[in-house]
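A single chain comes next, written as structure tokens; it is the form predicted on its own.
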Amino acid sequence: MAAATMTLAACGQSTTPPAASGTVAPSATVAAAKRGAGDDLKILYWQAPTILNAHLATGTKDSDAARLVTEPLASYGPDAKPLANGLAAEIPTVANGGVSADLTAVTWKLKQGVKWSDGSAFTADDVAFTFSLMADPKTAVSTSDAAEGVKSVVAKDANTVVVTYAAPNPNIYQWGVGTCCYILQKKQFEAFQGEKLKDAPGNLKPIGTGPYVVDTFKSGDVVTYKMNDQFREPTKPYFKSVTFKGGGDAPSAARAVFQTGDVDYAWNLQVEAGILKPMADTSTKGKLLTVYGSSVERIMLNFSDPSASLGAKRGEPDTKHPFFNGPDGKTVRTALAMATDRKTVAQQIYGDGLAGKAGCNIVTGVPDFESTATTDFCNKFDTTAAGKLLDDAGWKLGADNVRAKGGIKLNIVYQTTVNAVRQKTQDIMKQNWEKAGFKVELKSVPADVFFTNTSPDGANHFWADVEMFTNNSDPDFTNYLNGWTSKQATGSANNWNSANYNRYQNPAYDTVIDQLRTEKDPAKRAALFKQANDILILDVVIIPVVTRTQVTSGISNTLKNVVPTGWDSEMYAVQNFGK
């Protein structure tokens, strides 16, 4: 079993700006192979992709499926630094003159001779066009946070792009690197700008520069890909085709790679540790691949009113949750956090380090940024004390063992995806929360429905009281934390695609994020990351449950050149995969 835990102590995360990982793509370091020498690469995502335009994606399933075709300027490598394995020829830095000394401008030199899979030339105009889509509020893209504070992205010439920030920006790779910024072909999408973007045929069959092209796509089921004959690396990819199958569940995915050997790569094996570990340890066909990044399984609390009786106003940011948001809101939220048993979940379900560990921060993975101010708060697991807190605030137990005040009962609908690990976690939470006087109704939704912005049962609409899933950040947490600012509140106005599913609106928090965008001093930036984290945890916007391994996948023993990163898509270097 291959298990890697990322150490970031030497990753330069506290420097400003961060160093580049190098200008040589990892694909250049592996042995050359003949393009198409391999047969079909079989990848299994038990959460099936539903769209192949990453800018309209809600879930990792979609973004990862798109990464085989479309690429960013650069990736975040295993060392959490930018890596020039995408469309950029090198990583711009202050030292090489690519980043202005005042941190307002980043000049990206693009690889020359790159072609789209239709044979046309990739140019800087495509990059600038992609930014224009991301910055247009009418497109309602899920990646819009990466465009905040970006004044312009301009094609200086066919092979040079200049990103200009509105103010000095210590997060100089905010735009262009990683999952935020897959470059779309201008020719394919220029007729679908603004509100029309959601109707673009390219959302289901994008033309790209990556190693593969979409052959067939059945949304919610399977994508098949063929080699991109125009791909810039003449010996890549090794596999002539890819079958990216969705559906099933995490245990069946684990069996497919560890027991039957039916697939080469099985993603996100969120399987109970007592089942996963022996399956991987005894397998002769596959091995477990894990790496930590910033992934946190969290419980999100809804600050808007999800009541169906509100009709068109249901869940809109200007509504208020009946007991999480208001005079008693902080008290009720705190009681819920006090009745949350993280330790049991981490030990019994995630294997106490196998696939996750108990955690209490949303900013994690970079030691310099991790707060200790939340530790005592999270260690107060006490259902009796939680009940007393509510009792003292006037939330009295009724004959039905549910607390109520002013005619409002503490009834909670708790939603997440269909997954045995998550259902077991729900059971533990329900048992403890009900001891404190809440009534908990559990709801589980198929993942391809849950992670879709158009779904009333989805995470974005959040028509429930609490919900649970995992998300993660790139190495600079500014964009990630921006996802809880007031202007990112999800609602119909942004086609339910903005990042603030909680609809949390706190001017003090917004100010911290504004400061992060301009603060250059590394120590002060680290303090701001901790401050933002502490607001989200201590104001009980989020209840972190488990710090998860960001990669928890099974790979065939015969699959080679798979180097996981905890800071980008698992498919960030699929062109290197071989046998």
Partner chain sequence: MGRYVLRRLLIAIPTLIVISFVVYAILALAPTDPLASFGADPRVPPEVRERIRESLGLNQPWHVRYVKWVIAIAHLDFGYSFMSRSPVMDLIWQRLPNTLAVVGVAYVIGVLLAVPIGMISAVRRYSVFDHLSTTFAFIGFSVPTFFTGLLLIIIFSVKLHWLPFIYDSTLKITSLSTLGDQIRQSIMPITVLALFDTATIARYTRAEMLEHLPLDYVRTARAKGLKERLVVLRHVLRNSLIPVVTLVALGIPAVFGGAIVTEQIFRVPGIGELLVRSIGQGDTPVVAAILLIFATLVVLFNLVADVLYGVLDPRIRYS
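Because the structure is predicted, anything quoted here is derived from the model rather than measured. Residue numbers count along the first chain shown, from 1.
The form predicted together with its partner chain is left out here; the points below concern that form.
The stretch in contact with its partner chain in the predicted bound form, judged by heavy atoms within 4.5 Å, is 137 to 145, chosen from 67 to 75, 137 to 145, 372 to 380, 353 to 361. Not one of 347, 541 and 543 is positioned with any heavy atom within 4.5 Å of its partner chain in the predicted bound form.
In the predicted bound form, no heavy atom of residue 418 sits within 4.5 Å of its partner chain.
When its partner chain is considered in the predicted bound form, residue 249 lines it closely, a heavy atom lying within 4.5 Å. The closest heavy atom approach of residue 253 to its partner chain in the predicted bound form falls within 4.5 Å. In the predicted bound form, at least one heavy atom of residue 218 sits within 4.5 Å of its partner chain. Site annotation in the predicted bound form: the residue of 550, 58, 553, 533 reaching within 4.5 Å of its partner chain with a heavy atom is 58. Though its partner chain is absent from this view, in the predicted bound form it lies within 4.5 Å of a heavy atom of just one residue from 296, 429, 280, 263, which is 263.
Shown here without its partner chain, the chain has 198, 199, 204, 216 in 182 to 216 lying with a heavy atom within 4.5 Å of that partner in the predicted bound form.
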